[in-house]
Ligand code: GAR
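The data below hold one chain only, encoded as structure tokens and taken in the form predicted on its own.
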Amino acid sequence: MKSIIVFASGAGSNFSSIIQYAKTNNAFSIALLVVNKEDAPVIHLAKEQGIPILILNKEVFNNTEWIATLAAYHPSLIVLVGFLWKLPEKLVTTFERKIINIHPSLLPKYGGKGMYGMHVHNAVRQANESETGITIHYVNEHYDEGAIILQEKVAIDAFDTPLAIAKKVQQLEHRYLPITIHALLK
């Protein structure tokens, strides 16, 4: 069975949807969770599932010796779900076209440094967009500029708040990220 490594920083709702999909479909295994916050709620989910965890502080992350640890797991794919640090070039080149990210907008709109989570949804609302969505893309050396794998759209109503937009986008994330992972692993 093919395995993936997941990088996360936050609550872990996308991580949870990946876990459930993998279990239900016997599609792939999650070999490791990599986090950059010792108190990230996503850690609890990994512990519940018996998934090993690697916690990286900034100093260790910048050192890049930890990349050998990832390589030892022989992942078929590395999946970023709300991981906010820019990946070291060494990681990107070591796992070229094996790292994907999910972004909460229709890139290239609302991408780049500092554009994540509610920052994106607030910008979408302020621009009075009629639609938004998700982009799943390969990771390269620049924020949100890798080749696009999948985009899915959702309509925005005039009365939708940024929080309502976030919920619509999150539904797309939970639906499409696991099946895209599975498709890429086939």
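The first residue of the shown sequence is 1; numbering continues from there. Treat the numbers as computed from the prediction; the structure is a model and nothing was measured.
In what follows, reference is made to the form predicted together with the named molecule, a form of this protein that is not presented.
Proximity to the named molecule in the predicted bound form, taken as heavy atoms within 4.5 Å, picks out 114-122 from the listed stretches 114-122, 26-34, 66-74, 48-56. At the 4.5 Å threshold, heavy atoms of I99 stay clear of the named molecule in the predicted bound form, well away from it. Proximity of G10 to the named molecule in the predicted bound form falls within the 4.5 Å heavy atom cutoff. Using a 4.5 angstroms threshold between heavy atoms, I78 stays clear of the named molecule in the predicted bound form. Using a 4.5 angstroms limit between non-hydrogen atoms, Q170 touches the named molecule in the predicted bound form. Of all the residues from 54-90, those having a non-hydrogen atom no more than 4.5 Å from the named molecule in the predicted bound form are V81, G82, L84.
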